[in-house]
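Quick setup: one chain, the form predicted alone, written in structure tokens, and binding and motion questions come after.
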């Protein structure tokens, strides 16, 4: 029981002289692990060959559409668990939450390995999708909420540091998974069961390290030499709103739409990056895979760069920049295909994805500005249900529209053009939503915590 008390929030309050720069490594230890979800595609083909080993046996092995639901369920559960458990996260503190995240995320891998062994896909849906997805939601919001409290002088940079790790998780997880499957593959196994088990153990170690390292600031703490600006800022509140009050304001729902539209536009291109590059320019699968890796780097770097820049420009201005420049860039993508300029295509899409990542990293700081820090984790948890919605809308829009175009005689190289224009329109709609964001009305002030 003493160990359980060690997890309590009051046991995580930092003492005098604690170095707040220990918090980013703690956050990265969790986010680099759960960010593996972005690299799940490396398991798609092996999952369709669990019986056939070297090939997929029709009627016995699972299909790609069946396997694809594992990824979708995990992302849906990320948003739902963050929304439902957000208040619990704020109440129990980051250490207990991050350990719970490790248990769920890594436990999901172990359950999924059992599903592979039994060849029961519903077990994998339950494990990696539902249980692992809950771990994703808890692990996503707890470090971000904590970093916002530790860096009142640079909240954009702080959230960028944490969420940068989530964007870069695939750069570690994807090759790690591939190497493990190659190592364990045999005449009777694709190596997937064993790979899941090893990843569960390794990730649990790193996530537990982050949980034990994390601390929360003492009441009234502020960075040495930091004095809050006494001049009131129009878009930064001095109040601290509860998640219940915040979610009833128009500002919350405008930001929900802002995040949903930004993610819908970005995730559609990110999920089909390799195939798009191959179809539009006729490059090899290896080149397409390299392009997908480059976009992951842009996604990761954009989370830190753009969110840090928002500390200087303000959140509303930086989002306006994301949407306007992003819409122009999307509209230019068909031109790159027309002139067959791969370098221009790579440059444009890398910029688009950097702002997609930047949007993720900036939104917690935006929430902090409008609603204060007291329950920013819970508020963020409810807001990222927009991500769950976008994770369905974006990829499906790209898939269905491009397939429809090809089925009606449009060449594969030009099949994505209509989708790019649609994404530009979605970003312009996001710009309008962001334009209407105002400070929280005075009538809500008496409802704050």
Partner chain sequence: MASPKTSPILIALAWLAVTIPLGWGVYQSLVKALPLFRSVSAK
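Residue numbers count along the first chain shown, from 1. Here the structure is a predicted model, which is why all the values come from computation and not from measurement.
A second form of this protein, the form predicted in complex with its partner chain, is not displayed here; the remarks below concern that form.
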If contact means any heavy atom within 4.5 Å, which of 160 to 168, 67 to 75, 186 to 194, 89 to 97 contacts its partner chain in the model of the complex?
-> 160 to 168
Heavy atom to heavy atom, is residue 294 within 4.5 Å of its partner chain in the model of the complex?
-> yes
Though only this chain appears here, would residue 436 touch its partner chain in the model of the complex if you measure heavy atom gaps against 4.5 Å?
-> no
Its partner chain contact in the model of the complex: residue 221, any heavy atom under 4.5 Å | no
Contact between residue 22 and its partner chain in the model of the complex at 4.5 Å, heavy atoms?
-> yes
If we test each of 175, 205, 250, 152 for a heavy atom within 4.5 Å of its partner chain in the model of the complex, the one that passes is 175
The single option of 235, 332, 342, 114 touching its partner chain in the model of the complex, heavy atom within 4.5 Å | 342
Could you tell me if all three of 62, 265 and 425 have a heavy atom no more than 4.5 Å from its partner chain in the model of the complex?
-> no
Heavy atom within 4.5 Å of its partner chain in the model of the complex: which residues of 14 to 45 qualify?
-> 15, 16, 17, 18, 19, 21, 22, 24, 25, 28, 29, 32
